[in-house]
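Before any questions on binding or motion, here is one chain by itself as structure tokens, the form predicted alone.
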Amino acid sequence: MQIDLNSDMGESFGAYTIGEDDKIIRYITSANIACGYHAGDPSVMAKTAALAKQHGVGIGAHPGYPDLAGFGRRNLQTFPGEIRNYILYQIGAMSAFAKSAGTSLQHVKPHGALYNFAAKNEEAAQEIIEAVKAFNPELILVTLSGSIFAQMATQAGLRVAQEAFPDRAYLADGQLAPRNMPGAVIHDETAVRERVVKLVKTGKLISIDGKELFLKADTLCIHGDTPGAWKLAKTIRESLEKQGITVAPLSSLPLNT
């Protein structure tokens, strides 16, 4: 068994520090780096790309809505084509920083509200797919497991990594529970560890209302802005490896299977 462990990174901005990138980088295999729209700035992008290269971690663009004040977690109304251009702009910037660090872009993972919107909205999903294909159709696109977005991206011929969240609760329909719902974020390390092992081995999780869900997981996400996220990443990686499960970057996994 193989799986990728990813984290959202590079979310500091100017004099403000968010997350502990230098600690969590030791335990993950792919990094989703903010591209300056919801978080991050050029200096942070350059530093984070170099950090990922140093640790042999795959670099991904983490594009979001242009929403620094809301950290990209607010839905924004857009005109047709805007999402495509937002994504293309941010992929291009992150690709440049990956190149300057002596490597190349591995994947694209939309951020926050845009990620959740594309998981259930075909128009948004299509614009993101078009942007990735226009820039480089060999890039891996990370999507919510079982979503319409995952289905559309696969049908469009992209390499798709379906993603699950070990520290987030799910609704019965497979969508992530809203963050304002009690129990939406799981803080108990023992509970997270048990969920991870069960998910990778059986493809099953229990939703927040007790329903059994079947999820395909190519990659697991640890939110880097969560306090102590590096400890959770360490726990998850050690738990997986103790079960004989290989943790490896997306580029080395058999996707779309």
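The model shown is predicted, which means the values in this text are computed figures rather than measured ones. Sequential numbering from 1, following the sequence displayed. Here the rigid core means the biggest group of C-alpha atoms that line up within 1.5 Å when the two forms are laid on top of each other.
Beyond what is shown, the protein has a form predicted in complex with another copy of the chain; the following relates to that form.
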Open item on the list: Please pick out the stretch from 116-124, 91-99, 143-151, 159-167 that is in contact with another copy of the chain in the model of the complex, where contact means heavy atoms within 4.5 Å.
Closed with: 91-99
- [ ] Counting non-hydrogen atoms within 4.5 angstroms of another copy of the chain in the model of the complex, say which of Ser43, Thr190, Gln54, Thr202 makes the cut.
- [x] Ser43
- [ ] Kindly indicate whether Glu11, Gly14 and Gly36 are, all three, within 4.5 angstroms of another copy of the chain in the model of the complex, using heavy atoms.
- [x] yes
Open item on the list: I'd like to know whether Arg179 contacts another copy of the chain in the model of the complex, with contact meaning heavy atoms within 4.5 angstroms.
Closed with: no
Task: Ala248 within 4.5 Å of another copy of the chain in the model of the complex, heavy atoms - done: no
- [ ] Answer yes if any heavy atom of Leu68 is within 4.5 Å of a heavy atom of another copy of the chain in the model of the complex; otherwise answer no.
- [x] yes
Open item on the list: With the partner left out here, check for me: in the model of the complex, does some heavy atom of Ala172 sit within 4.5 Å of another copy of the chain?
Closed with: no
Task: Contact set, 128-164 vs another copy of the chain in the model of the complex - heavy atom within 4.5 angstroms - done: Ala134, Phe135
Task: Rigid-core frame, C-alpha of Lys99, shift of 2 angstroms or more between the shown form and the other one - done: no
Task: Core fit, then Arg179 C-alpha moves 2 Å or more between the shown form and the other one - done: yes
